[in-house]
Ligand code: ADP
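We begin with a single chain expressed as structure tokens, specifically the form predicted on its own.
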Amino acid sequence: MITEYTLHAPAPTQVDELGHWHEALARTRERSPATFERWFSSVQLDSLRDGVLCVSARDEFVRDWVKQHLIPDVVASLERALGRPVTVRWTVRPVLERPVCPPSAPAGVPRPAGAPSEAPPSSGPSSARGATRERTQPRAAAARELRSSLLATLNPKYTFANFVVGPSNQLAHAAANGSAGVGGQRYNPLFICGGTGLGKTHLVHAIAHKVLEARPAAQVVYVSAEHFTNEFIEALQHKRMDEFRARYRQECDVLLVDDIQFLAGREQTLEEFFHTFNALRDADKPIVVTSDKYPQQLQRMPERIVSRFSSGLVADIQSPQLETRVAIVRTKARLEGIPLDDEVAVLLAQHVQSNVRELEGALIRLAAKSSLLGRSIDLEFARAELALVAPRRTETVSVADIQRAVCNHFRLSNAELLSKDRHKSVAFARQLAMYLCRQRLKSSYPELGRAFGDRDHTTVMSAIRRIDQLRTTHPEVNEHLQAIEQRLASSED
């Protein structure tokens, strides 16, 4: 490989350590060859001796990314092999003499220490034919590695078969099936939005699995917004923009981007994403993005991008109802091989109401504790553990309670509050009620729209924004809110 001690006869212990280094690199590369080669082409091993690993990076950006995403796996492998802790020391060197994955190394395989550099170029017809093969083969190899990297990234359990469908996610599930070509109408783009842990990533992974199952040769690109940004910055740094654009525009058959809200404010990255989006949509290639906000709520996002997100289908996922949560618990228990009574499944679903991820986490904790104690997961055991870990918080205020308090405060009837009456006093009371429901209950915009006379979610968003603005300029708005809060507090007592 590459080490400062290549010119000297290394001590036996040093040879062993370097051997373990090569093994650790090989294990890390297996997880995602393309990612490994991309980043370790800008990293150099300086030395490894007595459990101290000294490495250099081309710049701070590469150092920080590799330090966070790749080096922990390398260090873990080294510590297992050496039987001792490994300390990593970083240096930034703009010029690397011996990168781990030199650009000339075939398929990104690390070159052994002392190995000769590239063979001198030959001339003649055979050389020309070889050059042609070299130009065509890397593209196919890159495609194979991208597919391997994608399969390593996707969660094998995140499939349509394992997704529990209920009223809270029915539209998003049907639209995702359409994007995967399973059936139903395909909307392009498909914008899936919802709170944390409600199943957005599950659906995106399910789309990728289904597309690859139906079309094994399809080039599916699944990235998080952060990863897209990192790839873009790296392409700029190393003058590989043609390669970056080819991957996302020409060679991509389906683009899946998770957590698009994290692109907000990144002007150069947004500009590149804008043109990528247009190229794929013009070619009628499916684009699916997820976000924790509706398109209109994405701050510091250019209007032209927001309008394109809204031009397809915006499908929201809401917190699942009790019946759906019970079905989710049962499905997760089946997938994990956890024996679970129906009574315990219902108890879990009643106890955890926030999101699917917390619900599944509670089940896994119960299973782990029962395994450690050698106890079955019966109702008594589940009650005791759930009370110990996270006592259930019951909501004592509902949308109807807030509507009632607002009506009492403004001397309105419930029918007036929910009517289409746009009189200034009625509209203001309605907006205050919507604002309080959003603040106290974290209800989704579509859910509030239905609760307030089947209004569109954009109407609810506009009402909440207006109250937010009025609170800073009109003190009487805060006084109204405080008075209503006091009514709600007294009703809770």
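Note that the structure is predicted; figures quoted are calculated from it, not measured. When you see a residue number, it is the position in the sequence shown, counting from 1.
The next section is about a form of this same protein that is not shown, the form predicted in complex with this ligand.
In the model of the complex, Gln353 stays away from this ligand, with no heavy atom inside 4.5 Å.
In the model of the complex, at least one heavy atom of Asn162 sits within 4.5 Å of a heavy atom of this ligand.
In the model of the complex, this ligand sits beyond 4.5 Å of every heavy atom of Thr276. Taking the partner from elsewhere, Gly195 is found to have a heavy atom lying within 4.5 Å of this ligand in the model of the complex. When this ligand is considered in the model of the complex, only one residue from Ile328, Leu190, Leu255, Ile260 comes within 4.5 Å through any heavy atom, namely Ile328. With the partner removed from view, the residue among Tyr158, Phe244, Tyr294, Phe410 that has a non-hydrogen atom within 4.5 Å of this ligand in the model of the complex turns out to be Tyr158. Stretch-level contact analysis of 276-284, 195-203, 69-77, 296-304 against this ligand in the model of the complex, using heavy atoms and a 4.5 Å limit, identifies 195-203. Although this ligand is not shown here, in the model of the complex the stretch 403-420 places no heavy atom of any residue within 4.5 Å of it. Cα-Cα spacing of His69 to Thr290 is reduced in the model of the complex versus the present form (difference of at least 3 Å). Between Gln68 and Leu298, the C-alpha separation shrinks by 3 Å or more in the model of the complex, relative to the conformation displayed.
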